[in-house]
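Okay, so we've got the same protein chain twice, two forms, each given alone as structure tokens, structure 1 and structure 2.
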Structure 1
């Protein structure tokens, strides 16, 4: 709305214009009616002031019902406009596009760690291509944080023990601030970072050059390696005699639980099944899985979830169900 204003941050995402339009509509309405009320108040003070000491007030009659309908109906209509407009913006901001590139964000006192689709990582820096929808799956390794990028009008709580999601599509090349908008300790003010929005070809060249985050995979084992090293293959086999649920193709499906309930196998369900396997027992299986709480870091849990997401049913065209998943294409590429 005001790209060069020192008061408002720049508009650098597809969401920012929508949020600003709603904000200024509501702000303009509040200013207009505030001035209108003051003006009417001053008018009545002048028009109906006492002109001599023995003058007394009188009751005005007529049109009372019409007046009440008017001052009730107009605010109601405006509030409904704000409600449905706000709901439209909210649902758009809450539903990442199906083709969004998947990034993972970890909040930790007092830094932001980002994992790219190919497994490479950054700290307090985040390189993304312009014009590509980016989905963020976020969690905290200690306390509650809040991932905020004012230029994108993006703000989402990052919670320990669960995953929250957000998304954005940058529209302008440049550098933009990342803040933590939830007080998280004595060095909360230092929990900042920078998003670098680049042209797709520049982003691919930067990724190919390893950037600041080193080789793919970093120091965290891949999901396939963890799946084997933690002996998950002992029970979670792809055959019908497995002692634990078959994981091939499970992500995104409905899972029947003991007691007749069903849940969707999303990131939060898989995380809970890894760290607290007794919380939800799958129908037809015994509660024999041990907990991996305090044995895996949040990054290792994410690696396992990514591996399980890529497991395909037997006979699927994507390849073997037990093979390690291939690295996804770099966002912004045509492969």
Structure 2
């Protein structure tokens, strides 16, 4: 079922080729130098073997400064090459392209839940289109997990209480393992799933064939509904600017805080604003917002964040706070 080689994992993402190139470079170097040292060792062992029980070694005088500089310098230079090359690969793996499609991943003991841009959900399965950059925003509902797809050379811890991100662009249609790589309790080794990389048209067909909520069904209300039902609207409404900041356009903007600092309103900031509003107070407002810590599940928080993300700045075709956000495009539909 999985495209296996017994010694090497499939290469199924843009990252996999980069990681492997670096790995082979280092593996080659490691083998070369190991063999060199072993060869020298064996040569010395034979050449200078003890021939008489009372024999001892020769006393060498003088210094081998040049030798010492060489064998310190060469490893150092090679290590620096590894470092820079490795950092380069890592930077690329850490920065999702701007046009990446946004998916959400929830880890919980012991399953993976995935949410597609249009709100469809799956458990321990993950359908994605090939050739499309996909960004994952991930959080855990309990302990630390780790979302790993060896075929993509992708791995990122999934933490409770905040969001981590990862991204990939699949390059080969097929089915690959999802593993949880961070030990997370009794059924850690059962926290596995399958990622299905599909042609974009197959992916679109799959999305269309899944009904409104996808195979995992859906009981989670949309962000727009939550925004009303959790009474955010009593304070956050375009007409009552005195009580609470207007959330249109806030996502991605720089927010001035009480005390003079500014923060960029990213997912972690919005999350904190909802669950722990006292942590950072927006300049010019009273700390009256109640915490919603025990009233929202991780998935509901994500729905609210998605909703707030889609609220367009004032003047830009946005309706009232209760208007439904635009349905996000299905990734892969451009290609």
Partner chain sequence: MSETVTASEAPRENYLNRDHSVASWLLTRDHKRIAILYLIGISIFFALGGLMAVLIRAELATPQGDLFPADVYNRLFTMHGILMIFFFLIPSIPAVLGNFLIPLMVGAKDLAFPRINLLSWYLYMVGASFTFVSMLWGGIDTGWTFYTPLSTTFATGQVLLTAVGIFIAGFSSILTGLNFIVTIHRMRAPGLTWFRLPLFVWAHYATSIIQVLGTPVIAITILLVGAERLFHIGVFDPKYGGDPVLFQHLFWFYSHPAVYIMILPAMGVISELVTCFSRKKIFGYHFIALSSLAIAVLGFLVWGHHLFISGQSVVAGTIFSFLSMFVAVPSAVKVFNWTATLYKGSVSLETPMLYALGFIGVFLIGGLTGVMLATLGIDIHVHDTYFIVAHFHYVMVGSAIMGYLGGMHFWWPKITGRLYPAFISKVAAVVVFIGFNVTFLPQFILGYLGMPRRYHTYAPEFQTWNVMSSAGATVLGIGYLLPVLYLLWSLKYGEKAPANPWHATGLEWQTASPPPLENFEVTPVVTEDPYSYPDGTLRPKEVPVGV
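No experiment lies behind these values; they were computed from the predicted model shown. Positions refer to the first chain, counted from 1. Note that the rigid core is defined as the largest set of C-alphas that superpose within 1.5 Å between two forms.
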property	result
Structure number, where the criterion is the form predicted together with the partner chain	2
Rigid part versus rigid part between structure 1 and structure 2; hinge residue out of 23, 101, 119, 268	23
Angle, in °, that the smaller rigid part sweeps relative to the larger one between structure 1 and structure 2	11
Distance moved by the residue 50 C-alpha between structure 1 and structure 2 (core-aligned, Å)	6.6
For residue 68, CA displacement between structure 1 and structure 2 after the core is overlaid, in Å	3.2
